[in-house]
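Next up is one chain by itself, shown in structure tokens, the form predicted alone.
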């Protein structure tokens, strides 16, 4: 395997990156951490004549606490996100994904933007970000727009990004009182295993322990991250007892669209969704405490 001859353009600003994307589209890809793009080029998953390198755009880096929540720059590496002191308290569920993703070497290079906008069905960050009601900040030389995370990815390696747009940041809103979230996933081994299935849950409870809000999102069991809206309608206003959790798990299983491949059959993945939903609900509730 080898990388074909490609012209690399180093963008110094978001506007410059956007202009280059628009100029060379569709014969262009973005280069950030390179953990997916370079492999795809080597294996001829796609072939392009141009890469736009984003490494020089400082505005795309870092995790910052804003008035309304966390801002995670698209060039922030998975390791940087995992080690950020801001990923604590109500935001700790993000570490459920970052701490188990790939290997340390990959996490040191892979970026949040690549994991999200790469639109790989088994990516670990999108489900927990969707559950936590995150939004994507999309930037172009024409301006910015915000898209809900559950609306960003529409299929395998397919997003709503326009030809001249790139993901600049992910914004995670400040969680409400009595909030807890969790991400549960299953891989075929502990290290460097792609998720066979994953389920993320975010809950907010009332003082009487009934559910004020609930969001459940799936990964690796559909062409795109799946937001299970039916589970929200089921859980709101109820106490999270065994029956409610079982019914939510059943709805998540019904919403899944798994395929059979070398990592597991569709039936196996669907059963995993039920088990992981119950685990994530329990972990999220435990994080809320009493």
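Residue numbers count along the first chain shown, from 1. Since this is a predicted model, take the numbers as computed values, not measurements.
The form predicted together with a small molecule is left out here; the points below concern that form.
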Which among 63 to 71, 239 to 247, 24 to 32, 224 to 232 is in contact with the small molecule in the predicted complex, heavy atoms within 4.5 angstroms? 24 to 32
Of 90, 184, 102, 204, which residue is found within 4.5 angstroms of the small molecule in the predicted complex when only non-hydrogen atoms are counted? 102
Every residue in 15, 16 and 57 with a non-hydrogen atom within 4.5 Å of the small molecule in the predicted complex? no
With the partner left out here, check for me: in the predicted complex, does some heavy atom of residue 113 sit within 4.5 Å of the small molecule? yes
Answer for residue 149 alone: is it within 4.5 Å of the small molecule in the predicted complex, judged on heavy atom distances? no
4.5 Å heavy atom contact, residue 251 and the small molecule in the predicted complex: no
Residue 123 versus the small molecule, in the predicted complex: is there a non-hydrogen atom within 4.5 Å? yes
